[in-house]
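Let us start with two forms of the same protein chain, each given on its own as structure tokens and named structure 1 and structure 2.
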Structure 1
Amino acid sequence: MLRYITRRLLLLPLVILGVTFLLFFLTQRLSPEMRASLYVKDPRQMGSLEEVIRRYGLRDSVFKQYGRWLGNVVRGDLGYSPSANMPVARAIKEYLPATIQLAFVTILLVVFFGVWFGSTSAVHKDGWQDIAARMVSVGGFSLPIFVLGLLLLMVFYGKLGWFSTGGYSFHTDMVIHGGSFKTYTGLLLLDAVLNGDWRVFGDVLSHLVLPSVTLCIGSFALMVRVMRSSMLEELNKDYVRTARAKGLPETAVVYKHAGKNAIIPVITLASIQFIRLLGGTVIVETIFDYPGIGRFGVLAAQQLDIAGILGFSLMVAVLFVIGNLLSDILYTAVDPRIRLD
């Protein structure tokens, strides 16, 4: 396994180089004048664009410019983001914890309900439980996420007023920046627990409900379908029939023996879904005005923030490669028959 992990880690820089160069090449389709205007903060400076172009070497070859940007990245300098009005590295540090928090809550809901409904559907194949689970999964998978988000926003925020948008309320903002609240991890739910401030915990959690449920529905539907198919396949294998012939309880046969093997595809799906969520839930964060990394990516794209776009893309590429590696390693923990060579 160590050899496999080492090989994958050695491939990591190549993947990052490929992704970032492709994006960097696409940004070069903008004229030097357009890219130079991003460095101008005062409209009166627009007449000195040629000086900006010469200063930053915007007419150099794409390879030279990419090498210069890559050298800055190695030193930890991802550039300055005009859309966030701060360095890109600092913007990622500030926005990413909110998305990690949202992704973690969402994936817990997805895995718990997806595995439960998928297993129940497979065990009661063609029964009313199976039919209901399939109807819910097909409906959830077919419903566009932006439609579901807008419906939840309209009903539970606009009509009933049960939940709020954004990351937290004004009161929580005053507590966080008041000096008495200590930030340990940047994850407000966890920091609220560590500070023993349950009012902040409840407020942050209430702001997570609508975006988490919106994200959960589509992923949950896919999780149910995958878990159901995997469980049905395992229940028809010889070792399951042998376990039943030995007189083992049905719950032990289903959840201890078949379930352990059936959950392997779920691990792959869950890890991919989690990394996708970390990469930024662009639509949901925009709908609910959630202060996550996805919204930062949207702002960077809308304002032609090249440094922000490249920094966001670099972060997503790294997360996807590392996430896929971790999911492969988890295989061996779930099923000892699997070996990574």
Structure 2
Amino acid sequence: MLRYITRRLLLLPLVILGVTFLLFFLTQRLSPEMRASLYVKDPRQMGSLEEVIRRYGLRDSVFKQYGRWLGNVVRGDLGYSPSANMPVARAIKEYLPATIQLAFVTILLVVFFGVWFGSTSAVHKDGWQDIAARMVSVGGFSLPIFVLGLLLLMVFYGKLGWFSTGGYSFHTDMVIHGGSFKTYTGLLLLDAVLNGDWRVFGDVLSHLVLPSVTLCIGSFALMVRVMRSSMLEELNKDYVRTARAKGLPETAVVYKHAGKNAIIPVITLASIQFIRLLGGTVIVETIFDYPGIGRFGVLAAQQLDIAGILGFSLMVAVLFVIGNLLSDILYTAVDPRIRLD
């Protein structure tokens, strides 16, 4: 186990180097003038592009340039992003917490509704609940999140006006940038609680409803399936029969005995899905204009903002690799029968 973790940790920088080099190599297709933005700290510098190109050796070989970029990254300098109108490092610091918050709320929805629908479906196998849950699950797999997102916008924003787009309302914007609101974690939900400002909390939460419901659909569909089959498997085991034979009420048998074991695969799946959600946020944040890292990445990609693209990919790769490692470790922690080597 320890050997496995060390091996993976050693491979981690290798993988991240590989990803960034691959993308850096692709950027070489663009002209040195476009790539100069990687090194420009201030838009006013754009006037003397030729000087920037010469100073940073943008006509050097890929390897030399990559080494230089890496050196900057190590020093915490990711370049300036014209699409976000701020340095990439600051953009990431500003947008990442919002995305983590979104993914966290989404995974709570996924686990809660996934376990609920999945176990109901298993308990009433072949009943209407089962058929309904299975239909929702198959449908959820096939419904693209951008279609669902637009439909939800149409109904809940256009027609009913319950929720709106963006990350928070104008009032909240004034409060959090007003000076008296202290930033502890960058996660607005948590900060609102720590500041004791429930109005901000409610506002931020209401802006999270549509994006997280949209984002959860695919993972939710998967979760229903996994929970259903896991529960069905447990319900057929001997200890469940014993529990029933000794006269325990059905709810105790299902939720206390079988449920506890059936939920193991769900927990591990949830940890993997949490990482997967980071990919989906790209679309969801674009639809709902949610100020997260996904929207930042899309804007950077659309406007060919190379510094933004590289910084975004680097950050996603780091998160993804670490997340996958953690979920592997969690896997063994929850189910001791699994051995990693």
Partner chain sequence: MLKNRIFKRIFTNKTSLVGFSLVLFFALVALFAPLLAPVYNQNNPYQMPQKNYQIAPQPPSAQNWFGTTEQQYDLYYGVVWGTRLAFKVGVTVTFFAFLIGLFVGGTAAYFGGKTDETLMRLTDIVFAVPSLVLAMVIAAMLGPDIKNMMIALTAVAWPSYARLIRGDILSVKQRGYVTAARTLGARGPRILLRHILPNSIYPSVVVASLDIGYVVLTAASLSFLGLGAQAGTADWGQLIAMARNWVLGTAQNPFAYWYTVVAPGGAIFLFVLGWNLLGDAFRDILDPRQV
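Fair warning: this is a prediction, and the values are worked out from it, not measured in the lab. Note that the rigid core is defined as the largest set of C-alphas that superpose within 1.5 Å between two forms. Here, a residue number simply tells you its place in the sequence of structure 1, counted from 1.
Asks: Kindly point out the structure, among the two, that is the form predicted on its own.
Replies: That would be structure 1.
Asks: Determine whether the C-alpha of residue 158 shifts by 2 Å or more between the two structures once the rigid core is superposed.
Replies: The answer is no, as the C-alpha of residue 158 shifts between the two structures by less than 2 Å after core alignment.
Asks: Once the two forms are fit on the core, has residue 176 moved its CA by at least 2 Å between the two structures?
Replies: Superposed on the core, residue 176 moves its C-alpha less than 2 Å between the two structures.
Asks: Superposing on the rigid core, I want to see if residue 147 changes position between the two structures - specifically a Cα shift of 2 Å or more.
Replies: Comparing the forms between the two structures, which are aligned on their rigid core, residue 147 does not shift its C-alpha by 2 Å or more.
Asks: Check the Cα of residue 246 between the two structures on a core superposition and give its shift in Å.
Replies: Value for residue 246 between the two structures: 8.0 Å of C-alpha shift.
Asks: Would you look up how far the C-alpha of residue 267 moves between the two structures when the rigid core is overlaid, in angstrom?
Replies: The alpha-carbon displacement, core-superposed, is 3.9 Å.
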